[in-house]
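Each of the two blocks below gives one form of the same protein chain as C-alpha coordinates; they are labelled structure 1 and structure 2.
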Structure 1
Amino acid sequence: MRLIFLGPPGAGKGTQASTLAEQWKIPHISTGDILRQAITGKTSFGIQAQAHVDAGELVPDMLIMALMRERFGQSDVKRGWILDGFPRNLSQAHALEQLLSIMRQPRPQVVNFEVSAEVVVERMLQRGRQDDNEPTIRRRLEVYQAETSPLIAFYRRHRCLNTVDGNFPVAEVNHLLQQSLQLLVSV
(Lines of atoms letter the chains of each structure in order from A and count residues from 1; the text may use other names and numbers.)
(Lines give C-alpha, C1' and ligand atoms only; values in the text may rest on other atoms or scores of the structure.)
Protein backbone atom coordinates (compact mmCIF):
# COMPACT_ATOMS: atom_id res chain seq x y z
CA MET A 1 0.00 0.00 0.00
CA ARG A 2 1.29 3.45 -0.92
CA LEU A 3 -0.40 6.31 0.86
CA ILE A 4 -0.09 10.07 1.18
CA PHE A 5 -1.62 11.53 4.34
CA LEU A 6 -2.88 15.06 3.85
CA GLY A 7 -4.36 17.48 6.36
CA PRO A 8 -3.63 20.59 8.41
CA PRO A 9 -0.96 20.59 11.13
CA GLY A 10 -2.41 18.89 14.19
CA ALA A 11 -4.82 16.78 12.12
CA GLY A 12 -3.47 13.57 13.65
CA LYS A 13 -1.76 12.32 10.49
CA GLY A 14 1.39 11.28 12.34
CA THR A 15 -0.49 9.32 15.00
CA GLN A 16 -2.58 7.43 12.46
CA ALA A 17 0.36 6.91 10.12
CA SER A 18 2.53 5.30 12.79
CA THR A 19 -0.23 2.88 13.86
CA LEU A 20 -0.99 1.85 10.29
CA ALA A 21 2.67 1.55 9.29
CA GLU A 22 3.30 -0.79 12.22
CA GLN A 23 0.24 -2.86 11.35
CA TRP A 24 1.26 -3.22 7.71
CA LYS A 25 5.02 -3.36 8.32
CA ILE A 26 5.78 -0.56 5.92
CA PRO A 27 7.80 2.61 6.62
CA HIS A 28 6.13 5.72 7.99
CA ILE A 29 7.96 8.56 6.29
CA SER A 30 7.42 11.83 8.16
CA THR A 31 9.32 14.80 6.79
CA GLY A 32 8.65 16.64 10.06
CA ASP A 33 10.28 13.83 12.09
CA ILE A 34 13.23 13.60 9.70
CA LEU A 35 13.72 17.38 9.91
CA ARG A 36 13.50 17.45 13.71
CA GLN A 37 16.09 14.66 13.92
CA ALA A 38 18.39 16.53 11.56
CA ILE A 39 17.97 19.70 13.63
CA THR A 40 18.71 17.91 16.91
CA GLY A 41 21.70 16.17 15.34
CA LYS A 42 22.93 19.52 13.96
CA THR A 43 23.58 17.97 10.53
CA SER A 44 24.18 20.43 7.68
CA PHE A 45 20.67 19.66 6.48
CA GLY A 46 19.28 20.41 9.95
CA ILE A 47 21.19 23.65 10.22
CA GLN A 48 19.77 24.81 6.88
CA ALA A 49 16.22 23.79 7.83
CA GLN A 50 15.99 25.06 11.40
CA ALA A 51 15.10 28.72 10.85
CA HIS A 52 12.27 27.75 8.47
CA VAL A 53 10.82 25.16 10.84
CA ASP A 54 11.03 27.50 13.85
CA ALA A 55 9.22 30.23 11.90
CA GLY A 56 6.45 27.87 10.75
CA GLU A 57 7.50 28.34 7.12
CA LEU A 58 8.05 25.57 4.60
CA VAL A 59 11.60 24.33 4.25
CA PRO A 60 12.75 25.09 0.66
CA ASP A 61 11.68 22.48 -1.92
CA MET A 62 15.29 21.82 -2.95
CA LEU A 63 16.18 20.62 0.55
CA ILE A 64 13.01 18.59 0.95
CA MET A 65 13.44 16.91 -2.43
CA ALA A 66 17.05 16.03 -1.64
CA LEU A 67 15.83 14.46 1.57
CA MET A 68 13.04 12.52 -0.17
CA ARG A 69 15.29 11.27 -2.96
CA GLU A 70 17.63 9.93 -0.33
CA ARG A 71 14.77 8.34 1.62
CA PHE A 72 13.29 6.68 -1.47
CA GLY A 73 16.75 5.34 -2.26
CA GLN A 74 16.55 3.05 0.78
CA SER A 75 15.44 -0.54 0.23
CA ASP A 76 12.55 -0.59 2.74
CA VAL A 77 10.34 1.51 0.43
CA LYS A 78 9.85 -1.30 -2.07
CA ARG A 79 6.82 -2.90 -0.42
CA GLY A 80 4.96 0.33 0.30
CA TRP A 81 5.01 3.41 2.50
CA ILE A 82 2.97 6.11 4.19
CA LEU A 83 4.02 9.69 3.51
CA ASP A 84 3.17 12.12 6.30
CA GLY A 85 3.88 15.84 5.77
CA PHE A 86 4.97 15.47 2.16
CA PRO A 87 4.09 16.72 -0.40
CA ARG A 88 3.21 20.07 1.11
CA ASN A 89 2.78 22.17 -2.03
CA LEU A 90 2.07 21.64 -5.72
CA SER A 91 5.67 21.69 -6.83
CA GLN A 92 6.53 18.95 -4.31
CA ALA A 93 3.53 16.96 -5.58
CA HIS A 94 4.82 17.21 -9.16
CA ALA A 95 8.35 16.32 -8.05
CA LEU A 96 6.99 13.27 -6.22
CA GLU A 97 5.16 12.09 -9.35
CA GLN A 98 8.40 12.34 -11.27
CA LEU A 99 10.36 10.53 -8.60
CA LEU A 100 7.83 7.69 -8.44
CA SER A 101 7.68 7.30 -12.19
CA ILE A 102 11.47 7.13 -12.41
CA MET A 103 11.40 4.47 -9.70
CA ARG A 104 8.53 2.67 -11.50
CA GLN A 105 6.45 2.75 -8.34
CA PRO A 106 2.65 2.64 -8.65
CA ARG A 107 0.64 5.81 -8.05
CA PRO A 108 -0.25 6.34 -4.39
CA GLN A 109 -3.69 6.84 -2.87
CA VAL A 110 -4.30 9.95 -0.78
CA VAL A 111 -6.12 10.22 2.54
CA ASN A 112 -7.22 13.72 3.50
CA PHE A 113 -7.91 14.23 7.21
CA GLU A 114 -10.60 16.87 7.63
CA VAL A 115 -10.36 18.63 10.99
CA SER A 116 -11.90 21.90 12.17
CA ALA A 117 -9.64 24.88 12.93
CA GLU A 118 -10.56 24.86 16.65
CA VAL A 119 -9.67 21.18 17.11
CA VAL A 120 -6.36 21.67 15.31
CA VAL A 121 -5.25 24.58 17.51
CA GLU A 122 -6.35 22.79 20.68
CA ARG A 123 -4.40 19.64 19.78
CA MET A 124 -1.23 21.53 18.89
CA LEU A 125 -1.27 23.51 22.12
CA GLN A 126 -1.68 20.27 24.09
CA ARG A 127 1.17 18.61 22.21
CA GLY A 128 3.61 21.36 23.20
CA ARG A 129 6.34 20.67 20.63
CA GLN A 130 9.02 23.37 20.30
CA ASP A 131 7.33 24.82 17.20
CA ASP A 132 3.88 24.60 18.82
CA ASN A 133 3.70 28.17 20.18
CA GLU A 134 0.86 30.49 19.16
CA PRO A 135 2.52 32.68 16.51
CA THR A 136 4.15 29.67 14.83
CA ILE A 137 0.91 27.69 14.90
CA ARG A 138 -0.92 30.63 13.30
CA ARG A 139 1.72 30.87 10.59
CA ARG A 140 1.66 27.11 9.92
CA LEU A 141 -2.10 27.24 9.48
CA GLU A 142 -1.75 30.13 7.00
CA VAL A 143 0.94 28.26 5.09
CA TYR A 144 -1.29 25.17 5.06
CA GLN A 145 -4.21 27.17 3.60
CA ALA A 146 -2.10 28.88 0.96
CA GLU A 147 0.32 26.13 -0.06
CA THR A 148 -0.94 22.70 1.01
CA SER A 149 -4.74 22.83 0.77
CA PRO A 150 -4.65 23.19 -3.08
CA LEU A 151 -3.37 19.60 -3.09
CA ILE A 152 -6.89 18.45 -2.16
CA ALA A 153 -8.26 19.62 -5.52
CA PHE A 154 -5.13 18.36 -7.27
CA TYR A 155 -5.56 14.80 -5.98
CA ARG A 156 -9.32 14.93 -6.46
CA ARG A 157 -8.65 15.61 -10.15
CA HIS A 158 -6.29 12.64 -10.16
CA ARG A 159 -9.14 10.56 -8.70
CA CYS A 160 -7.12 9.24 -5.79
CA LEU A 161 -8.52 11.38 -2.96
CA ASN A 162 -10.16 9.72 0.05
CA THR A 163 -11.53 11.72 2.96
CA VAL A 164 -11.60 10.83 6.66
CA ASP A 165 -13.25 12.91 9.39
CA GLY A 166 -10.40 13.56 11.82
CA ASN A 167 -12.37 15.44 14.46
CA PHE A 168 -12.94 12.35 16.63
CA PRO A 169 -10.69 10.71 19.24
CA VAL A 170 -7.70 8.68 17.95
CA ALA A 171 -9.33 5.22 18.11
CA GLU A 172 -12.42 6.38 16.26
CA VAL A 173 -10.43 8.11 13.52
CA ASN A 174 -8.41 4.90 13.16
CA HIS A 175 -11.65 2.99 12.67
CA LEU A 176 -12.86 5.43 10.00
CA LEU A 177 -9.47 5.25 8.30
CA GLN A 178 -9.49 1.45 8.22
CA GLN A 179 -13.00 1.54 6.77
CA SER A 180 -12.04 3.90 3.99
CA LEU A 181 -8.92 1.85 3.17
CA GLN A 182 -10.97 -1.34 3.12
CA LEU A 183 -12.95 0.17 0.25
CA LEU A 184 -9.70 0.87 -1.60
CA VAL A 185 -8.33 -2.63 -1.17
CA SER A 186 -11.60 -4.20 -2.34
CA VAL A 187 -11.78 -2.30 -5.66
Structure 2
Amino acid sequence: MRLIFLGPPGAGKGTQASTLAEQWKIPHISTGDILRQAITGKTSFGIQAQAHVDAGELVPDMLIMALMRERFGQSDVKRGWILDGFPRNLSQAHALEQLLSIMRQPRPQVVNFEVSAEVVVERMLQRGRQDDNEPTIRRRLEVYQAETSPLIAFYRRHRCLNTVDGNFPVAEVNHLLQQSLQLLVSV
Protein backbone atom coordinates (compact mmCIF):
# COMPACT_ATOMS: atom_id res chain seq x y z
CA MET A 1 0.00 0.00 0.00
CA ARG A 2 1.32 3.41 -0.99
CA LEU A 3 -0.51 6.34 0.54
CA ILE A 4 -0.27 10.10 0.73
CA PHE A 5 -2.06 11.78 3.62
CA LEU A 6 -3.21 15.35 2.99
CA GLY A 7 -4.89 17.67 5.44
CA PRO A 8 -4.26 20.80 7.44
CA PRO A 9 -2.00 20.87 10.49
CA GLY A 10 -3.79 19.16 13.37
CA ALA A 11 -5.94 17.01 11.07
CA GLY A 12 -4.59 13.79 12.59
CA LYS A 13 -2.50 12.68 9.59
CA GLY A 14 0.50 11.71 11.70
CA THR A 15 -1.58 9.84 14.27
CA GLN A 16 -3.39 7.83 11.60
CA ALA A 17 -0.21 7.24 9.60
CA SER A 18 1.63 5.89 12.65
CA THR A 19 -1.22 3.50 13.46
CA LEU A 20 -1.51 2.14 9.92
CA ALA A 21 2.25 1.95 9.37
CA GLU A 22 2.63 -0.19 12.48
CA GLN A 23 -0.34 -2.36 11.50
CA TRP A 24 0.90 -2.88 7.93
CA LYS A 25 4.65 -2.97 8.76
CA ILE A 26 5.46 -0.20 6.26
CA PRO A 27 7.26 3.08 6.94
CA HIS A 28 5.47 6.24 7.97
CA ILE A 29 7.51 8.87 6.15
CA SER A 30 7.22 12.36 7.59
CA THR A 31 9.19 15.16 5.97
CA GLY A 32 9.36 16.89 9.35
CA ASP A 33 11.02 13.82 10.89
CA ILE A 34 13.41 13.48 7.93
CA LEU A 35 14.40 17.14 8.22
CA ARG A 36 14.94 16.92 11.98
CA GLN A 37 17.09 13.78 11.56
CA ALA A 38 19.18 15.40 8.82
CA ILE A 39 19.67 18.55 10.91
CA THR A 40 20.51 16.61 14.08
CA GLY A 41 22.85 14.32 12.15
CA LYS A 42 24.51 17.35 10.54
CA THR A 43 24.29 15.73 7.09
CA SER A 44 25.05 17.96 4.11
CA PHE A 45 21.30 18.26 3.43
CA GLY A 46 20.70 18.89 7.13
CA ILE A 47 23.19 21.74 7.25
CA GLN A 48 21.55 23.34 4.20
CA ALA A 49 18.08 22.87 5.74
CA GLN A 50 19.21 24.33 9.08
CA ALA A 51 20.14 27.60 7.38
CA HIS A 52 16.57 27.96 6.06
CA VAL A 53 15.00 26.91 9.36
CA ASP A 54 17.17 29.40 11.28
CA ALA A 55 16.06 32.15 8.90
CA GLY A 56 12.40 31.22 9.50
CA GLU A 57 11.96 30.14 5.88
CA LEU A 58 10.37 27.06 4.37
CA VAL A 59 12.95 24.53 3.25
CA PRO A 60 13.12 24.81 -0.58
CA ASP A 61 11.44 22.16 -2.70
CA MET A 62 14.75 21.10 -4.28
CA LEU A 63 16.21 20.28 -0.88
CA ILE A 64 13.05 18.47 0.25
CA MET A 65 13.13 16.43 -2.96
CA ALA A 66 16.79 15.52 -2.40
CA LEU A 67 15.90 14.26 1.08
CA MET A 68 12.92 12.32 -0.29
CA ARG A 69 15.01 10.73 -3.07
CA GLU A 70 17.47 9.63 -0.41
CA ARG A 71 14.66 8.22 1.76
CA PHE A 72 13.03 6.38 -1.15
CA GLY A 73 16.39 4.74 -1.81
CA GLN A 74 16.14 2.79 1.45
CA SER A 75 15.02 -0.84 1.33
CA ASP A 76 12.06 -0.55 3.72
CA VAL A 77 9.98 1.38 1.15
CA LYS A 78 9.72 -1.51 -1.29
CA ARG A 79 6.60 -3.00 0.34
CA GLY A 80 4.82 0.33 0.64
CA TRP A 81 4.76 3.57 2.60
CA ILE A 82 2.63 6.36 3.99
CA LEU A 83 3.69 9.95 3.26
CA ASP A 84 2.73 12.56 5.84
CA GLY A 85 3.43 16.22 5.06
CA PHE A 86 4.63 15.54 1.55
CA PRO A 87 3.97 16.62 -1.09
CA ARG A 88 3.24 20.08 0.27
CA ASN A 89 2.59 21.80 -3.06
CA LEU A 90 2.09 21.12 -6.77
CA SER A 91 5.80 21.40 -7.55
CA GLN A 92 6.57 18.64 -5.05
CA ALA A 93 3.67 16.54 -6.37
CA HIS A 94 5.04 16.69 -9.91
CA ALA A 95 8.55 15.87 -8.65
CA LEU A 96 7.17 12.93 -6.67
CA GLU A 97 5.37 11.63 -9.78
CA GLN A 98 8.69 11.71 -11.66
CA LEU A 99 10.55 9.99 -8.82
CA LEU A 100 7.96 7.21 -8.58
CA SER A 101 8.03 6.76 -12.36
CA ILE A 102 11.83 6.41 -12.31
CA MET A 103 11.53 3.91 -9.45
CA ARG A 104 8.74 2.09 -11.32
CA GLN A 105 6.41 2.42 -8.38
CA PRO A 106 2.66 2.75 -8.92
CA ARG A 107 0.82 6.00 -8.28
CA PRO A 108 -0.21 6.15 -4.64
CA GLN A 109 -3.71 6.57 -3.30
CA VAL A 110 -4.30 9.89 -1.59
CA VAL A 111 -6.36 10.42 1.54
CA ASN A 112 -7.52 13.95 2.26
CA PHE A 113 -8.50 14.50 5.90
CA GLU A 114 -11.19 17.19 5.89
CA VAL A 115 -11.27 19.01 9.22
CA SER A 116 -12.91 22.32 10.11
CA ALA A 117 -10.72 25.24 11.08
CA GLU A 118 -12.35 25.38 14.51
CA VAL A 119 -11.53 21.73 15.24
CA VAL A 120 -7.93 22.25 14.07
CA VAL A 121 -7.50 25.32 16.30
CA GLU A 122 -8.97 23.48 19.29
CA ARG A 123 -6.76 20.40 18.78
CA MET A 124 -3.59 22.39 18.30
CA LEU A 125 -4.22 24.60 21.33
CA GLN A 126 -4.74 21.44 23.42
CA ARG A 127 -1.29 20.16 22.41
CA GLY A 128 0.18 22.97 24.46
CA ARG A 129 3.22 23.62 22.29
CA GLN A 130 4.86 26.99 22.76
CA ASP A 131 4.35 28.08 19.14
CA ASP A 132 0.72 26.92 19.05
CA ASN A 133 -1.30 30.06 19.65
CA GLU A 134 -4.49 30.92 17.81
CA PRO A 135 -3.07 33.60 15.43
CA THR A 136 -0.14 31.33 14.47
CA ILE A 137 -2.44 28.34 13.94
CA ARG A 138 -4.80 30.37 11.76
CA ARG A 139 -1.82 31.61 9.73
CA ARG A 140 -0.67 28.00 9.20
CA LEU A 141 -4.17 27.17 7.96
CA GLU A 142 -3.99 30.07 5.46
CA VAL A 143 -0.62 28.83 4.21
CA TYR A 144 -2.06 25.31 3.93
CA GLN A 145 -5.03 26.56 1.90
CA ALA A 146 -2.78 28.55 -0.43
CA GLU A 147 -0.06 25.94 -0.98
CA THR A 148 -1.43 22.50 -0.25
CA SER A 149 -5.13 22.55 -1.04
CA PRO A 150 -4.49 22.75 -4.84
CA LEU A 151 -3.15 19.21 -4.45
CA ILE A 152 -6.70 18.07 -3.79
CA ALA A 153 -7.75 19.11 -7.31
CA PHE A 154 -4.55 17.62 -8.75
CA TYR A 155 -5.14 14.20 -7.20
CA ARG A 156 -8.87 14.33 -7.95
CA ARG A 157 -7.99 14.75 -11.66
CA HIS A 158 -5.75 11.68 -11.37
CA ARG A 159 -8.65 9.77 -9.78
CA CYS A 160 -6.70 8.67 -6.75
CA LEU A 161 -8.22 10.99 -4.12
CA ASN A 162 -10.25 9.70 -1.18
CA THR A 163 -11.72 11.95 1.49
CA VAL A 164 -12.17 11.12 5.16
CA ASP A 165 -13.99 13.31 7.68
CA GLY A 166 -11.32 14.05 10.27
CA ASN A 167 -13.55 16.04 12.64
CA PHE A 168 -14.29 12.98 14.79
CA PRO A 169 -12.22 11.46 17.64
CA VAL A 170 -9.12 9.45 16.66
CA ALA A 171 -10.73 5.99 16.90
CA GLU A 172 -13.72 7.02 14.79
CA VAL A 173 -11.50 8.62 12.13
CA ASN A 174 -9.41 5.45 12.07
CA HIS A 175 -12.56 3.39 11.50
CA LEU A 176 -13.64 5.67 8.62
CA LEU A 177 -10.13 5.52 7.16
CA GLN A 178 -10.00 1.72 7.37
CA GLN A 179 -13.38 1.51 5.59
CA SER A 180 -12.17 3.87 2.86
CA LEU A 181 -8.95 1.88 2.38
CA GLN A 182 -10.83 -1.44 2.30
CA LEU A 183 -12.83 -0.11 -0.63
CA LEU A 184 -9.58 0.82 -2.41
CA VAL A 185 -8.06 -2.61 -1.91
CA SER A 186 -11.18 -4.40 -3.14
CA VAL A 187 -11.41 -2.33 -6.34
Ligand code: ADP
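We call the rigid core the largest set of C-alpha positions that still match within 1.5 Å between the two forms. Structure 1 provides the reference sequence; residues are numbered from 1 along it. From a predicted model like this one, the values you see are computed outputs, not experimental measurements.
Exercise for the section: Could you let me know which number goes with the form predicted on its own? Expected result: Looking at both, the form predicted on its own is number 2.
Exercise for the section: State yes or no: after fitting on the rigid core, is the Cα displacement of residue 70 between the two structures at least 2 Å? Expected result: No, the C-alpha moves less than 2 Å.
Exercise for the section: State yes or no: after fitting on the rigid core, is the Cα displacement of residue 61 between the two structures at least 2 Å? Expected result: Superposed on the core, residue 61 moves its C-alpha less than 2 Å between the two structures.
Handout entry: Per-residue C-alpha change between the two structures, residue 120, threshold 2 Å, rigid core fit
Key = The answer is no, as the C-alpha of residue 120 shifts between the two structures by less than 2 Å after core alignment.
Exercise for the section: Superpose the two forms on the rigid core, then give the C-alpha shift of residue 135 between the two structures in Å. Expected result: On core superposition, this C-alpha lies 4.2 Å from its counterpart.
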